[in-house]
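Next up: a single chain in structure tokens, the form predicted alone.
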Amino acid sequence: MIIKKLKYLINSELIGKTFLRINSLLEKRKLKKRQKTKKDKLFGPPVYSSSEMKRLMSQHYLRGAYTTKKVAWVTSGGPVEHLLALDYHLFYPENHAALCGARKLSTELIEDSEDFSYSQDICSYVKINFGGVLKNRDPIARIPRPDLILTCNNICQTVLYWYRVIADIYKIPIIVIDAPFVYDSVRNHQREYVKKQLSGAIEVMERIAGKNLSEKKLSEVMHYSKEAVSLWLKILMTARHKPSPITAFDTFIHMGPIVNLRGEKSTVQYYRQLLAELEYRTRNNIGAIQNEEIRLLWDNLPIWFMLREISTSLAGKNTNIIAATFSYAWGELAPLMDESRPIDSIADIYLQVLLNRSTFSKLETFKKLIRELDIDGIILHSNRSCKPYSLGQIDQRNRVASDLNIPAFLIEADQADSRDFNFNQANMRLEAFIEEIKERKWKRTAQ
């Protein structure tokens, strides 16, 4: 254990931290230089805070590689505040899978898992994780071995089967929080049911951590968690301004800390910095793209391996996807967080995540964002991997068109598996969709 702690101090806290700070400064200079010399004038200035975000996330993965703490693997919809208060290091396989997709490293891992007879129809995030675990390959960073698994079925049922496999491979305990589906509003018996499970989960967390939960520490984590989520919502709402200082593609990247580091002081500090930069951009009418004419909303997870290609194609058409239901889902429940009643508020929050509510509720989210952000059209990503998120999209597309006279475009793809996606075909259809929106806007102006 002493040797392990020394490795952590040297590799993570001394050498690693110093290297990452230097790299962050070089990255910021690179961003400024790119803006001065780049030939592509479709975009506005880059978000300079992104260099700090990369440092923060890299440091998180570096600490995980050498950590001496207990490690918990968690799903993105799982309640993590108690784990943080007990000083666990948290690892999100979904975030790691998204990084692999964004860096175009996912295909080989997916094929590795299929070598073990896992079906092509299984979620690509699952197969990326299985491929890495079963072939002992970590293309992004060394993945810490888990001591505990925490999952919640409020995002999908797949995570239950996924994490049971992982728990079996590593022979470790698994905590499953069963979240009843919310059709309209949370019932008291649903809240009590989740609270009872949380109480039982805390006992397991404490036993594995070898310590008791401190109410003071939990309150502190809840405070930072609420502040981070509130700041994230303010960041997303800067898109109200015309031109928007941010794109949905920016939010997909910058949501890393709100997913992985929610409840930590460093996340609050970072989002304050990002918000200040975006507010400066709004005051000075600095847009994320040049000549913003059309403002779109994105539904579902991003197509990670095509972020740059899609954003560049749309920017060339004076079109900005300014918001996404996926990134908005991490901010919309901020008002429910209450550090004075942690168990009750955690139960309310994790019961009401976007995918644990009805398709009608999601439609209302569409309408809210369309009105608040002055949206001209919607792109709905029919995601082969995330069937719960894609459920009802055709009906929602039709309802938005009929109720608000907003055109919607359905694109079929996968969040991280690039093998069945043809960008040229999708781009041709996108061009036709943009032309339809332009024609509608021209007719309204002419009237």
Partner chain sequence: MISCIPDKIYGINHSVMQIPSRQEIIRKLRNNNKKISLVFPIYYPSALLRAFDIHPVEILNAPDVDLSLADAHIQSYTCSLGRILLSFIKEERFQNQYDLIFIPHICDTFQQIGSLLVDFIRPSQPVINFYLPKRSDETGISFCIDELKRIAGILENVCGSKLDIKRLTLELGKDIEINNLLKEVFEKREFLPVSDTDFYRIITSKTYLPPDDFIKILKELLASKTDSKRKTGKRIFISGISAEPPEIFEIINSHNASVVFDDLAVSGRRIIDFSGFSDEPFRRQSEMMLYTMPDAEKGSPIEKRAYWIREKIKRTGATGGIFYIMKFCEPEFFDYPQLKKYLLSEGTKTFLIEYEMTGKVSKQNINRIQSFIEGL
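From a predicted model like this one, the values you see are computed outputs, not experimental measurements. Positions refer to the first chain, counted from 1.
One more form of this protein, predicted together with its partner chain, exists but is not displayed; see below.
- Among heavy atoms of residue 390, some come within 4.5 Å of its partner chain in the predicted complex.
- Interface membership of residue 178, defined by any non-hydrogen atom within 4.5 Å of its partner chain in the predicted complex, is confirmed.
- At the 4.5 Å threshold, heavy atoms of residue 396 reach its partner chain in the predicted complex.
- At the 4.5 Å threshold, heavy atoms of residue 193 reach its partner chain in the predicted complex.
- Site residues 123, 130 and 162 are all in contact with its partner chain in the predicted complex, judged by any heavy atom within 4.5 Å.
- Comparing 320-328, 151-159, 71-79, 99-107 against its partner chain in the predicted complex, the single stretch with non-hydrogen atoms within 4.5 angstroms of it is 151-159.
- Proximity to its partner chain in the predicted complex, defined as a heavy atom within 4.5 Å, singles out one entry of 145, 216, 189, 341, which is 189.
- With the partner omitted from this view, the residue of 212, 199, 285, 359 that lies near its partner chain in the predicted complex is 359 [heavy atom within 4.5 Å].
- Along 108-124, a non-hydrogen atom within 4.5 Å of its partner chain in the predicted complex is carried by 116, 117, 118, 119, 121, 122, 123, in order along the sequence.
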